[in-house]
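This document opens with one chain alone, in structure tokens, the form predicted alone.
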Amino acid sequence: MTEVKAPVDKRVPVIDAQNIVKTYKMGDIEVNALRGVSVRIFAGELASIMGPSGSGKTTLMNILGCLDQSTTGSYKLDGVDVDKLSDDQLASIRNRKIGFVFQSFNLLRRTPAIENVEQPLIYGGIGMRERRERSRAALESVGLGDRLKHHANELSGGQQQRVAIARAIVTRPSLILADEPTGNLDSKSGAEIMCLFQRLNEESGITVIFVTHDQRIASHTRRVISIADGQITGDVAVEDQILACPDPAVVRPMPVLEKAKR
């Protein structure tokens, strides 16, 4: 019987991290936050990195998001060797390619929603008229077209996280990193936020990675990468993915954003 080999996947991963080690020095003590982590994530995936407090998941997110660099190992983002980039080049990649969503929203509380969303476009050198148009479209896409001028501190927690998601997508990134995005929300608001992420992934093709300790959040994704004590301990497909959105037939269509570049 002739052996048939599985086809080789020739796609370039969005994320290709190999043998990542991250060591912090605390006085005379070295703390190994990551111990040889390797992970590949391809365009259009909806995945989660799950682990308990102190597992190294936030350290890994910071490296994948170009907020920090590994001690040893290699990391390529869309085929670009991140380890060889300058601080200015890393800042440019964060602004153009990656959208961040955090548990604490990280909004300017006394600033209108639309101006919060505009912030990464200002750093990217986008002109005022285009900034305003893109920010308005991003807020409309997350259901906040009627809250453009509301200050962040006038919005509910769920609405603030929607503003944060609009800010993350306004640069039209290929990748979103979401760190415990429903951690400060009630269950209803949390479900609405998870629906938004699933729709962004499905309709706009954005690669979305959650960083979480919560099994239920991870169950909304299609792949779960488990981490403990700075090492990958599992990488499995989710067989019974939770779909946060109601019946697609009754969901208001999301305004079309530019498809993520692959």
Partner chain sequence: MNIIEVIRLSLHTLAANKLRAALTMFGISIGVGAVIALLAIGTGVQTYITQQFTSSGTNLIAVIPGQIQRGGGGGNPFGPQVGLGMSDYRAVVGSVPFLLDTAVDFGGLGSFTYESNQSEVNVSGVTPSYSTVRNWSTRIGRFIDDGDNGGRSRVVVLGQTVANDLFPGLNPLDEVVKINNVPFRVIGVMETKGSSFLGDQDATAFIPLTTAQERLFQASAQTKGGDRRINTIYLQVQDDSARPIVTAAVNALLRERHHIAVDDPNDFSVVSQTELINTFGAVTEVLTVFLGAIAAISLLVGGIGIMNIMLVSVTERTREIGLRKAIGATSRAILGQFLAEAMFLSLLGGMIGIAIGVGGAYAVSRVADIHPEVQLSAVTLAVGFSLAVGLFFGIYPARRASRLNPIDALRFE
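Predicted model only: the values in this text are computed from it and were never measured. Numbering follows the first chain given and starts at 1.
Quick note: we don't show the form predicted in complex with the partner chain, though the next part is all about it.
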- [ ] Would you check whether the partner chain, in the model of the complex, lies within 4.5 angstroms of a non-hydrogen atom from each of D186, H220 and Q241?
- [x] no
Task: Interface residue in the model of the complex among T72, S156, S86, S104, criterion: non-hydrogen atom within 4.5 angstroms of the partner chain - done: S104
TODO: Please pick, from E115, D78, E180, E140, the one residue with any non-hydrogen atom lying within 4.5 angstroms of the partner chain in the model of the complex.
DONE: E115
Open item on the list: Would you classify L67 as touching the partner chain in the model of the complex, given a 4.5 Å non-hydrogen atom cut-off?
Closed with: yes
Task: 4.5 Å heavy atom contact, G190 and the partner chain in the model of the complex - done: no
- [ ] Please check if K149 has a heavy atom lying within 4.5 Å of any heavy atom of the partner chain in the model of the complex.
- [x] no
Task: Close approach of Q231 to the partner chain in the model of the complex, 4.5 Å, heavy atom - done: no
- [ ] Would you mind checking 71-105 for residues with a heavy atom within 4.5 Å of the partner chain in the model of the complex?
- [x] D88, A91, R94, N95, F100, F102, S104
